[in-house]
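A lone chain, given as structure tokens: the form predicted on its own.
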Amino acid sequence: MKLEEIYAKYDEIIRKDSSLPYIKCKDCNYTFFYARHFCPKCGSRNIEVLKSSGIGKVFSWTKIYRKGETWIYGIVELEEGFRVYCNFTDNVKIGDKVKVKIVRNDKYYSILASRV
């Protein structure tokens, strides 16, 4: 699968219902989020793009204070086994169950997580 095809599949999944796409290696079953045309674990090009359930647990978080605003930012580990950086919409603790979705802002995407 070429990188352009992966980007197109990611865009299709995101546009459909703001779901989180990911890639699974068909040879070693490693899963990852960032679009690559090969598996970062085993180097195989035998990969597939899938749609995540969006359900995961808070792996880590931090608060960022800037110009009177507070942002909660961190890492979520999804049920499918990969991790993503995201902004939290609620106060969270490590281990909290969250739902992750992608929101389009002009030409960029933001990944948001809310407690469930």
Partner chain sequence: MIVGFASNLYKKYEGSAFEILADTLFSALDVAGLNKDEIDGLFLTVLPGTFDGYATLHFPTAQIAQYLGIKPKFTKVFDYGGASALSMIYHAYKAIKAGEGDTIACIVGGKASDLRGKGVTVDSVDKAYADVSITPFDRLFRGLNDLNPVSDYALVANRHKYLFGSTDEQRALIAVRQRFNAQNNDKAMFRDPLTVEQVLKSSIVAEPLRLLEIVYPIDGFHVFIVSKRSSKSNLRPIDVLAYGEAHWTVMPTELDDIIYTPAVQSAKDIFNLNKVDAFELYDSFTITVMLQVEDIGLAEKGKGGEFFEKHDTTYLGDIPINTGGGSLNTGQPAYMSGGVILEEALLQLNDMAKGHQVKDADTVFLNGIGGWNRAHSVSLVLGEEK
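Numbering follows the first chain given and starts at 1. For clarity, every value in this text was computed on a predicted model and none was experimentally measured.
One more form of this protein exists, namely the form predicted in complex with the partner chain; it is left out here, but the text below deals with it.
- The shortest heavy atom separation between residue 29 and the partner chain in the predicted bound form exceeds 4.5 Å.
- Remark: residue 84 counts among the residues lining the partner chain in the predicted bound form, judged by a heavy atom distance of 4.5 Å or less.
- Interface residue remark: residue 54 is not counted as part of the site for the partner chain in the predicted bound form, having no heavy atom within 4.5 Å.
- Although the partner is absent from this view, residue 111 contacts the partner chain in the predicted bound form, with a non-hydrogen atom inside 4.5 angstroms.
- Residues 30, 32, 33, 34, 35, 36 are the ones in 24-50 with at least one heavy atom within 4.5 Å of the partner chain in the predicted bound form, listed in sequence order.
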